[in-house]
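Just the one chain here, the form predicted on its own, laid out as structure tokens.
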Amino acid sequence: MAFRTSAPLTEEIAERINWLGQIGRTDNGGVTRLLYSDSWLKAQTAVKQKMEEMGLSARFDDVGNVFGRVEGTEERDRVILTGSHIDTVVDGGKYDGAFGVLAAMIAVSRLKQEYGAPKKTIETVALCEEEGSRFHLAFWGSGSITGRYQLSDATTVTDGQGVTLEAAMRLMGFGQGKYPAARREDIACFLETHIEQGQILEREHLAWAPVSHIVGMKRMIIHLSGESNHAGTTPMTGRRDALYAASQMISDVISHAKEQNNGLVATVGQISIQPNVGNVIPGGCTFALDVRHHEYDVLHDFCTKELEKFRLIAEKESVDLDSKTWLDDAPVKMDPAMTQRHVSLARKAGIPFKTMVSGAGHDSQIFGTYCPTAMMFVPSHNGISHSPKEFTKLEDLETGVRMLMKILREMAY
């Protein structure tokens, strides 16, 4: 890498990553911080306190986003916002989202220490939720800031235990008007530093990547209703087996995704069976389907065709089909002017880099339809993410922080 490794900076990054990774730590070394859980609140409260210790003016908003502000000397009312999300998947890693939050805090704090107050106001942000891991709703933090969601949306969304998003939020002390409203009209642009969550940068021996596009995605819940019956006395020809129908659907969608050869990916990562008893024919089956591509027409056409195939399978197996698309996000292009400036800064810094398309969804796609937005990646070891094995080398994390500092200095000073 072109940057000289600074022992104090690498030590600060390591200390911050390990510090935040202890909040919600699981028995096998992962992290679980689901929206509005006790570990989530502990993390957001700790981040707010840490922002204050680092010289930032920190506050919550009414959905639980945390902001750390450095006031501009010339342009106070328009904000350069930078950060990422604090929540995790179940038993996830300590870098996803968290590194972007900490990178922003470290970069802004160090710039203030070295150069004083910026000309333009900068705020760091720990967004309350991005993953969609607890509720069938994603990007609650960035979506509340940009107007994608309203507080009223929280009344109808529930978790696996039937708790509404509104009830969970209020239990943590939010959604009651105690803090400023989440909706913002003063954001000039958004910057997000993130781990790649893929193998490309490491495989190609690259240190950093400005992102040009974020893929579109559809997330669906497929519910099949058949008839539970005796496993021994019900003839094979007369069965309404929901699991068997689901297995055919899953096989079909995965096999056809593999045939695309155009970057489309499809995943079934969650399934439940009723009554889930070994000697009873499954009368009910529910599975989750996640499909992604960087061109919306390709994504939409694939999903439309697969849902029609699902209907034909359901009809053949005499089961009822109910499908719900709970996330339908079009691909989002990052701001071309910002991306090009970041390419120029990377060239000047002499770091090995490439421009990439993100195959994962990020808060930047929500901000990207609201204000000029840029996203930057650092490598992920072996491409592993959403796992306790998630890891990025300290020198790569330092590159991410130093590039963010360069970008913010050019924009705000």
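These numbers were taken from a predicted model, which means no experiment stands behind them. The first residue of the shown sequence is 1; numbering continues from there.
Below, we refer to the form predicted in complex with a further copy of the same chain, which is not included among the displayed structures.
Partner proximity in the predicted bound form, defined as non-hydrogen atoms within 4.5 angstroms of a further copy of the same chain, places exactly one of 339-347, 68-76, 177-185, 248-256 at the interface: 248-256. Interface membership of P372, defined by any non-hydrogen atom within 4.5 Å of a further copy of the same chain in the predicted bound form, is ruled out.
When contacts are judged by a 4.5 Å heavy atom cut-off, Y244 counts as touching a further copy of the same chain in the predicted bound form. Put simply, K94 is far from a further copy of the same chain in the predicted bound form: not one heavy atom of it is within 4.5 Å. a further copy of the same chain is not shown here, but in the predicted bound form it comes within 4.5 Å of a heavy atom of A360. Taking a 4.5 Å heavy atom cutoff to a further copy of the same chain in the predicted bound form, the contact residue among I281, C189, V157, L151 is I281. Only one of the listed residues (R219, H300, H294, K112) places a non-hydrogen atom within 4.5 angstroms of a further copy of the same chain in the predicted bound form, and that residue is R219.
The three marked residues, Q199, L264 and D290, each reach a further copy of the same chain in the predicted bound form, with a heavy atom inside 4.5 Å.
Residues are counted as partner-facing when one of their heavy atoms sits within 4.5 Å of a further copy of the same chain in the predicted bound form; in 259-275 these are L264, V265, A266, T267, V268, G269, Q270, I271, I273, in sequence order.
In the predicted bound form, the separation between the C-alpha atoms of G132 and G283 grows by 3 Å or more relative to the displayed form.
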